[in-house]
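Given next, in C-alpha cells, is a single chain: the form predicted on its own.
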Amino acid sequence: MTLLVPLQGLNPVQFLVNGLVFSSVIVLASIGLSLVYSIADFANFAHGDTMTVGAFGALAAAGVLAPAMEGILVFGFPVWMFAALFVGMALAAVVVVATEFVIYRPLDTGSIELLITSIGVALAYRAVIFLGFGTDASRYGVPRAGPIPEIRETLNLAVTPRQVVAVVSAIVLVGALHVLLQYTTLGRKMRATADDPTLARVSGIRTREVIIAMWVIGGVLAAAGGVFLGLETLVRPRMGFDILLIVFAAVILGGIGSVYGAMLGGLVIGMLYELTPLFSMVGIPIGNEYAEAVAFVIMVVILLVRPQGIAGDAT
C-alpha cells in the first residue's frame, strides 16, 4: 500500500514530499508503540487498531460537525475536520485507558502474556468497528482541493492543503511531546519509570499514574496518525492493522524503547517507502508494489551495521 502515487513527469522531489507526508503518519504511530514498550514493557499489537479507533471516531464526529460548521476554512482546510480530529484523539485515549483498567492491569502478568492479550484486544477493537460501521471503506468528506497554486507554480510540486495540515500537525504534536518529556515533572517521571520502574517506585513515583499518562499520550498520537492516514487514503476497519508491521519496523530501526529513535525510524521508513518508485526512474525494475520489501531490506542492512538501532543503547 503506497500512500501517494506520484504522476509521471513530476519533479523527482515530489517523492520526498510524499515521503514526508507518509512519515508523519508513521512517526505519530511509532511514538506511542515505543512508549508502551519502554514503560509497560510489552509489544502492543493493538496499537494499529487504536489508530483505527481514532480514525473512525473522527469519522463519526465529522458526520455531526460538518453540517454545523460548513464553509469555515483555515488555510483552505475545513475547521470541522480539526474538531473531528480532536474527538478521535479523545476517544482513542479513553478507549486505551479503559482497556488498561479493565484488561491489562487486572492481569498483572509478564510481557509475553500481555503481548498475546493485546492481539485479542486488537481483534475486539476491530469487531466493534465492524459492528458499528460495517466493512466498507469510507471518506471524511473533506473536499478534494487541488495542489496549492503558489507551490505548484514556483517549485513544480503538488502539495495539497490536507498534506500541509498532516505534516504541520505532526510537527506540533512531536514538539509538544518533546517539551513534555524534557521539561515537565511528568516527563521526568516517565523517563525514570522507563529506565527502572522498581527504582522509580522506591523513589516515590506513582508509576501507575505514569502508565495512565503513557496510554493517553500513545492513544492520542496513534489516533492522529490514523486520521491523517484516512485523509490521504480511505478510512477502513483494517487500516491500522495493515500498517502495523511498518510501524513496528520503524520502532525496531530507531531502537526498541527509544521514543526519539522511533521518531527517526518512522522518518526513515516512511521516506524509503515512498522513494521506492525512484528505482524505476533510473532503470531498475522495482515499482510501488515492492515499497514494503525495499523498506524492510534497507532496515535489515542498517541493523546489520548498527544492531541496537539508530538511537538505541549498545548492550
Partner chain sequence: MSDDTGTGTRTRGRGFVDSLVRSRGERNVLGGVAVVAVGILVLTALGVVRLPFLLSLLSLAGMYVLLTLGLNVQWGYAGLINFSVAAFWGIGAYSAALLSAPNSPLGLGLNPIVGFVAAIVVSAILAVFIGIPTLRLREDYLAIASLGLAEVVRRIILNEEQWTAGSSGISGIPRLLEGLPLTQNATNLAVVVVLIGLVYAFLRRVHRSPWGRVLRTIRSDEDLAKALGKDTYAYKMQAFVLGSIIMAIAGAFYVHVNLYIDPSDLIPLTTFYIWVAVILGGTGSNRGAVLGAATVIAIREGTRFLNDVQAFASLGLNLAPLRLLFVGLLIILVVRLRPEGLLPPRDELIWPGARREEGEE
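Between two forms, the rigid core is defined as the largest C-alpha subset superposing within 1.5 Å. Only a predicted model underlies this, so the values are computations on that prediction, with no experimental measurement involved. Numbering follows the first chain given and starts at 1.
This next part talks about the form predicted in complex with the partner chain, which is not shown.
- This chain is displayed alone, yet in the predicted bound form one of V94, A145, V79, L245 has a heavy atom within 4.5 Å of the partner chain; that residue is L245.
- A heavy atom within 4.5 Å of the partner chain in the predicted bound form is found for exactly one of A170, V121, I217, M239: V121.
- Partner proximity in the predicted bound form, defined as non-hydrogen atoms within 4.5 angstroms of the partner chain, places exactly one of 51-59, 65-73, 248-256, 23-31 at the interface: 248-256.
- When contacts are judged by a 4.5 Å heavy atom cut-off, M299 counts as touching the partner chain in the predicted bound form.
- Although the partner is absent here, R162 is not a contact residue: none of its heavy atoms lies within 4.5 angstroms of the partner chain in the predicted bound form.
- When contacts are judged by a 4.5 Å heavy atom cut-off, K189 does not count as touching the partner chain in the predicted bound form.
- Although the partner is absent here, E209 is not a contact residue: none of its heavy atoms lies within 4.5 angstroms of the partner chain in the predicted bound form.
- Taken together, F45, I103 and E292 are fully in contact with the partner chain in the predicted bound form: each brings a heavy atom within 4.5 Å.
- Contacts with the partner chain in the predicted bound form, taken as any heavy atom within 4.5 Å, map within 109-130 to I112, E113, L115, I116, T117, I119, G120, V121, L123, A124, R126, A127, V128, F130.
- Superposed on the core, the two forms barely differ at V21: its CA moves less than 2 Å between the shown form and the other one.
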